[in-house]
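The chain below stands alone, shown as structure tokens; this is the form predicted on its own.
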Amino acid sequence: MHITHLSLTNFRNYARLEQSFPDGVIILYGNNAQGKTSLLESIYYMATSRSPYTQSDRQLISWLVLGDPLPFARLVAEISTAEGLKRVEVTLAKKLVGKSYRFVKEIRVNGLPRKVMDLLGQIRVVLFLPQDMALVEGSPSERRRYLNITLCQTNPDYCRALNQYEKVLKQRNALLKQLQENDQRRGRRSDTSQLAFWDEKLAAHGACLIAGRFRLVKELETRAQAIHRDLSGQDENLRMRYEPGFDVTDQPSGQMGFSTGDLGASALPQLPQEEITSLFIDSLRKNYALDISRGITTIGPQRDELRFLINGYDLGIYGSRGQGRTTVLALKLAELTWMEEQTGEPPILLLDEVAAELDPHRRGYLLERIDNVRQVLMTTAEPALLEDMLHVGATRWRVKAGAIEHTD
């Protein structure tokens, strides 16, 4: 899979861009705030329907047109895939919805209107950026988001289950809030039978998420371990521990932990999805009193956790910055291999200012491993750090003020 042409209109600092893309490694260099990262962001946005840098789609539209009556941004990519050529188009526009104006996202694939969910998987990418240290040091939500984006690009069933789970969770939480208010007003416990309907739906979708996340973590760990050993000189052993957010084994932590090769007391990895559903329903029912008192669902995939361990020690607590960078690099390279195995073709690799974050050993290892990737886009403010890539036919483009200058 690779992009053959990219068109941007009013996206960030690109008023208008029409650019054809070759295969292989493309180095985007130039000063800061010129548009290097925005170019990668546009590709990632079309692949995942969201930006890695902002939660607001409005911020993606060029500030030069935000004062217009109906500002808009348009992104179009033409992609060559194993199935043939594909055209993906995303438009962000301010439109009248009901009695108020808001920004609306419209999707077209090969000219046909599609839902936002249908966008996922049309373009598959692996993004590596300095902020990825949050996968080790950040909150659990950062790690859940990583698992979701990776799986949604390769597994439509998982993506649909995630979408439905979030909808059902909102409905169940609304009912819990209502029951909480009823208890407080009446001074007695409400009838909980209304929760049974939402329990079954939540558990069915949640079981799909849990099973998908465990398989992903297990398969990524196997690949990342070998890469991590190479990077660390065989001195460190990387483990990834997935902790589903509901109690099956009655552990004091309230979570069920397991990892590849060491299942511990948990038998969940060996269970079919139907049994995970049943266990989830039982856990939801046991938590009725707590959920109603708090007015929110306190267990489930929305509370899942993923931990990284080096030689048995939790990296997020005891690890150094260097160990964190090595782990993230190993994880991203493992993701690259895993995604190719799942889909039959390598994803597009996006590297945003990563070279400056890595020491010469890790940088050299990265450049060696990506040599066979079909298409790689790398940004840097210091092109000298990537001189080795110029000897293997890398394309160099200078980015200046939202425009690309060919320097080869």
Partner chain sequence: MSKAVPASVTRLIEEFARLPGIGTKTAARLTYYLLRAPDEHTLALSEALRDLKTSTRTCSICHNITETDPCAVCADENRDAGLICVVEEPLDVLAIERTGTFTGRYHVLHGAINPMEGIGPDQLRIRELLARIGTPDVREIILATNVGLEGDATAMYIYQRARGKVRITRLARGLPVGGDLEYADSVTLAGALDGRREMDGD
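Positions refer to the first chain, counted from 1. Owing to the predicted nature of the structure, the values given are computational and were not obtained by experimental measurement.
The protein also exists as the form predicted together with the partner chain; that form is not presented, and the subsequent description refers to it.
A residue is said to contact a partner when one of its heavy atoms sits within 4.5 Å of a partner heavy atom; residue 83 fails this definition for the partner chain in the model of the complex, lying far away. With a 4.5 Å cutoff on heavy atoms, residue 191 counts as touching the partner chain in the model of the complex. Put simply, residue 168 is close to the partner chain in the model of the complex: some heavy atom of it is within 4.5 Å. Of the heavy atoms in residue 178, some are within 4.5 Å of the partner chain in the model of the complex. With the partner left out here, the partner chain still marks one of 196-204, 315-323, 295-303, 120-128 in the model of the complex; by a 4.5 Å heavy atom cut-off that stretch is 196-204.
None of 105, 215, 286, 160 but one reaches within 4.5 angstroms of the partner chain in the model of the complex through a heavy atom, and that residue is 160. When the partner chain is considered in the model of the complex, only one residue from 109, 116, 97, 174 comes within 4.5 Å through any heavy atom, namely 174.
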